[in-house]
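Single chain ahead, written as structure tokens, the form predicted alone.
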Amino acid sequence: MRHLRHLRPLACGLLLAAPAAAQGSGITSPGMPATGSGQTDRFSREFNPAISLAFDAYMDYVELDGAGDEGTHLELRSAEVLASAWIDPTAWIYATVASDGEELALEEASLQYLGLGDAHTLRVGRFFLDFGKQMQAHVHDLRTFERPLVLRELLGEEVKGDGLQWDWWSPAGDVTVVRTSLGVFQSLTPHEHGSEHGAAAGAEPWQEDRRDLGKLDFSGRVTALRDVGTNGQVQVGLSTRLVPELAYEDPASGNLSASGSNSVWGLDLTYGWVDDTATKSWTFGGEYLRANGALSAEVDLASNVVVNDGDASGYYLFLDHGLDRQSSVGAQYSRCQLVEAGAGDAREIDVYYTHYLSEFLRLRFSAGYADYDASPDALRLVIQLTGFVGPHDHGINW
């Protein structure tokens, strides 16, 4: 055992040489991963990501014309934790973990790389669809309690995907800026559908896990923002979501429909005005959407999945008036063709009053009425309370 004496100085040297912040043994061997790749270790605080919490709760009363399922309901609609930080002078990353009151899920996780130049951004990860003025926003960040009917029906309540997106910014004269985005995704089919008319009889969109590059899902948007006078701005945009190949599945039987395609196009226009004191404002605008292809599917008595192939269109218009820095009132009207076969058209109107009790706490009262051709009409009264703790930013583009 005499040779063990020669190992003691070596062991003592390794222990003394290891820094106090070391998390490993200080010994590396060929073929093993390098350690210490993070910005900090457990004993230092040079890298602290911004962390925030958001919650959205509501109480509503629903009255259906001649149907059941009426009354009052209380619910924590969502709660999310957001962490974001610059991890490099040219890279910003954020991640959102959210709960719908029952299940916890990774809502978004995206790295935005600016190293291609000031006018370019490359986004990689999981993030919301860049379509129009509202689809990038989480529901608790919306101007209204829900997205307009036409967006819920033709796109979905919430559409996010795993993929990458390139954004390019460019001035066009002295008072106009233009942004273009192109994205490719594994899937852009709706994660949630805001209307019971969307996926009839339980049929759900289905796509292959691996497809040719040309059969992945795509998004695109071109938008221009221009100053108008000293206090106004106008914005116009053209958006698209393309799903080259999809089918519909009956979850009960596993039966699939034939493959089809789906596309949605949108044109949006918005005008905003703020007074010289930046306390009062007027904003109005709207968006027109048109969808075609395999829009929905039904399951018949023999468990066959039948696709409703065709087209549908709709629009929404809104007007919002900022009374002061804390309060605003507004109204929104939406009309669209429902994608379920034989469901006809629907119309929806919402009026609301929003008041910020503080910078971090928002209270909203809203009343909505929905008129369906083939379903009971619905009246809905909502009290919504939304709170934010810490810096809350999803990196939303315009």
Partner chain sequence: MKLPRRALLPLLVCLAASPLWAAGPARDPLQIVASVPDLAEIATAVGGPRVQVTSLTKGSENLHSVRVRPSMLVAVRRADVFLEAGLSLESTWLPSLLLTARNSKIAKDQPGFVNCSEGWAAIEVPTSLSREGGDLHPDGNPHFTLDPAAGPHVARRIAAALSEVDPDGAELYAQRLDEYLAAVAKKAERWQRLVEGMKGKRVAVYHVEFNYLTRYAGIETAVSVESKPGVAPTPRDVARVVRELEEQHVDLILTAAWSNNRTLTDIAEKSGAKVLELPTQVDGASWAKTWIDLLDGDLVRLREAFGLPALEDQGS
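Positions refer to the first chain, counted from 1. It should be emphasised that the depicted structure is a prediction, and the values quoted were computed from it without experimental measurement.
One more form of this protein should be noted, the form predicted together with the partner chain, which is absent from this view; the next part is about it.
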A79, L267, I93, V274 - the one with a heavy atom within 4.5 Å of the partner chain in the predicted bound form: V274
Among the candidates R126, R143, R290, R226, the residue which, in the predicted bound form, approaches the partner chain to within 4.5 Å (heavy atoms): R226
Stretch from 146-154, 180-188, 103-111, 167-175 whose residues place a heavy atom within 4.5 Å of the partner chain in the predicted bound form: 167-175
Contact flag, F360 vs the partner chain in the predicted bound form, heavy atom cut 4.5 Å: yes
Interface membership of H73, the partner chain in the predicted bound form, 4.5 Å heavy atom rule: no
Residue contact check: D118 to the partner chain in the predicted bound form, 4.5 Å heavy atom: yes
Contact flag, A278 vs the partner chain in the predicted bound form, heavy atom cut 4.5 Å: yes
Stretch 226-245: residues contacting the partner chain in the predicted bound form, 4.5 Å heavy atom cut-off: R226, D227, G229, T230, N231, G232, Q233
